[in-house]
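Given next, in structure tokens, is a single chain: the form predicted alone.
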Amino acid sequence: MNKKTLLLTALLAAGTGSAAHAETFKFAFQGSLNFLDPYSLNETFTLSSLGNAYEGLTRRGSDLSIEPALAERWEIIEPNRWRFYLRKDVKFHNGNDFTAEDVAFSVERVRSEGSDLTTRVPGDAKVEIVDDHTVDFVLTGPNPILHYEWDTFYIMDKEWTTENDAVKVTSASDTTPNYASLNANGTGPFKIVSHEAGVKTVYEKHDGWWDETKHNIDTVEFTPIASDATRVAALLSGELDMVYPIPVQDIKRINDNAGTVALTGPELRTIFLGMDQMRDELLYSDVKGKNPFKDEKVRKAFYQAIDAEAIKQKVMRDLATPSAIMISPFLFSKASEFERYPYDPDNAKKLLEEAGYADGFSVGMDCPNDRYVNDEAICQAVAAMLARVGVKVDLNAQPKAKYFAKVLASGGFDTSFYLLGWTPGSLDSWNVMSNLMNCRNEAGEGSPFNLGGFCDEKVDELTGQVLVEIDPEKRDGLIAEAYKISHDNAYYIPLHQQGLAWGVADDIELVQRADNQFKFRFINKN
């Protein structure tokens, strides 16, 4: 860490900054903001962007602790009944009042067909409106983490959504967006005043925001820039105030440049590989009449053919930590009990031979090229490593909009082998288990992001127990048992925890949260 980074970090920690003058803040991300509907895509950049305009009943602060937001407080008044007291005198950007009707409407909409955030509220939970500013969530059993991931469950205006014929959610695979996909009407600190997907999105300060404003930004302009070189050049020239991610190989250049610094830190995201273990025949392979990924030996062969340490060093330039489980070690007390299977291409060949694939086989691989740090380069490295044990990978790297539309439930889980990243919105293992590790059907009911569709009923059973267990030691034991089952069967191949790398002008103060969410309310421009 150089002096400039130290200085900026100190400013971030102190939370200092002047609110004496208004400013325009310009930034770029590698991918685009395609939908403004807050329920279309459960993806960090999209949810982070929309979280500047929309708000939930709760939110997370700069240290990721849960804070009151549209609910000013809550309590458990019966074992299975949570009561939320809503903040009064809150207005949506169009001037409509925020009430309990909006909460009930949003709960139903987020659980409806087309939503990519259906797990935010339990499917069997009932919402009862007590009065205009009080709502009860009635559960079928204890749930100590009901509100853990409501930071990105945003409340919509029932009247605005209904009047504009946008009650049905536009899914990530829909080609005809509705009104809510092109326009936004939240209660948050910034209004989206113009939006052209793939070109530019402009935010303006919401003067009627209910909370105390601590930033000094009047306008925010977001431009997607896919090219790493162009993005970094725009920062170095002063055209932009912030860009992310920055290529790890450019960190030194940005730090050496007068007026810019690189902010790096750990991220709570696990990058991993998944395999279709559900279909009887892969969609994209020269193996016909059977699915090689149903064989545990093939999955472990893939695991041991991939050198995660080499990916860390050569692709990620050490801005990653190889991982043995599907959650950040910062978020699970027993993470140190797990170790990766060793890189061993000879044993991988042996396992493939034992499984009946001594000559290898071919398989298609889906990979985003503008979502995670060096995502396409990681996939290229994986393909090269698998080639050494006889597996030919046909790599399909594409922008995240096309990637997600293809591989998610709305696209029919159209993949055989894929790379994905996951940060648990609740910062808790139950989120990982319920979203990635439970059985699902073809519609995605169950674990909607278990794209490979493996099904282990013991993991499902453990997930249910984890949800209601309140003893921390017992709970972590149940979680460890589920991760061990996944590890022993190689249901997934965890690769690494990626690091954050942002490039920032050194007159900017902001907060780099470990969940990679970028909130404008923390920005000050000096």
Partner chain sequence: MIGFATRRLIQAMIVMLVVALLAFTMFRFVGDPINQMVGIETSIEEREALRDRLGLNDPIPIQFLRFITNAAQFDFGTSYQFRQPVSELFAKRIPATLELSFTSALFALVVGIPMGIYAGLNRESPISKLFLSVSLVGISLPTFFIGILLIFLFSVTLQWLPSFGRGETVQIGSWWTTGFLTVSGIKALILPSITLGLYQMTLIMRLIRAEMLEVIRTDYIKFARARGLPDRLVNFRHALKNTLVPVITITGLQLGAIIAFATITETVFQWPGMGLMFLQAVQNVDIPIMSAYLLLTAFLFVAINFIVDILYFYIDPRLRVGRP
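The structure displayed is predicted, hence computed values, not measured ones. Residue numbers count along the first chain shown, from 1.
As for the form predicted together with its partner chain, it is not shown, yet the points below apply to it.
- This chain is displayed without its partner chain, yet in the predicted bound form the stretch 442-450 from 343-351, 135-143, 442-450, 314-322 comes within 4.5 Å of it by heavy atoms.
- Although the partner is absent here, Ser115 sits close enough that one of its heavy atoms falls within 4.5 Å of its partner chain in the predicted bound form.
- Taking non-hydrogen atoms only, Gly425 approaches its partner chain to within 4.5 angstroms in the predicted bound form.
- In the predicted bound form, at least one heavy atom of Pro177 sits within 4.5 Å of a heavy atom of its partner chain.
- At the 4.5 Å threshold, heavy atoms of Thr415 stay clear of its partner chain in the predicted bound form, well away from it.
- Note on contacts: among Asn291, Gln380, Ser171, Thr264, the single residue with a heavy atom within 4.5 Å of its partner chain in the predicted bound form is Ser171.
- With the partner omitted here, the residue from Glu196, Asp218, Glu281, Glu337 that has a non-hydrogen atom within 4.5 angstroms of its partner chain in the predicted bound form is Glu196.
- By the 4.5 Å heavy atom rule, the three marked residues Leu41, Pro224 and Lys402 all count as contacting its partner chain in the predicted bound form.
- Contact annotation for 239-266: residues with any non-hydrogen atom within 4.5 angstroms of its partner chain in the predicted bound form are Glu239, Leu240, Arg253, listed in sequence order.
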